[in-house]
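Okay, here we've got a single chain as structure tokens, the form predicted alone, with questions on binding and movement later.
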């Protein structure tokens, strides 16, 4: 599994905006130069972030981008979902295949694990969903401000 380069650029762009002083807007030229990407490519990413309410675009001579909310309220998951989407990472396939039925949980097994009678759950999907839930939880726990705090702590040592 690998996140797209756009996700990495979005996270770095948001971190750069968080580092800017309050009221200081960072222009697309400056941001693109910092990230080493083209302005048009970065503009597409920033547009998605703006539409989702993570950044705000300011027009005029001193225009540019700024965070739309506090860096301690923006999680890694927020930014990743803007770029990657909010769909599940894994979907079960070949549901009609006789072979695939071997990997399904019966109603009896489901009730033993959960106390509910929701059988016919794909066992592979259960494992994948569990992994995704752990990753989502981890990414929700890490904010943009947390990265800045870690960077500050590292630079003072």
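From a predicted model like this one, the values you see are computed outputs, not experimental measurements. Positions refer to the first chain, counted from 1.
Only in words, not in the display: the form predicted in complex with the DNA, which the text now covers.
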Indicate whether the DNA has at least one heavy atom within 4.5 Å of a heavy atom of residue 90 in the model of the complex.
no
| message | How about residue 60 - does it come within 4.5 Å of the DNA in the model of the complex, if we only consider non-hydrogen atoms? | response | yes
Using a 4.5 angstroms cut-off on non-hydrogen atoms, would residue 4 count as touching the DNA in the model of the complex? yes
>> Residue-level contact is defined here as any heavy atom of the residue lying within 4.5 Å of the DNA in the model of the complex; does residue 32 satisfy this criterion?
In response: no
Among 131, 124, 28, 68, just one has a heavy atom within 4.5 Å of the DNA in the model of the complex, namely 28
Contacts from 43-60 to the DNA in the model of the complex (any heavy atom within 4.5 Å), listed N to C, are 43, 44, 47, 50, 51, 57, 58, 59, 60
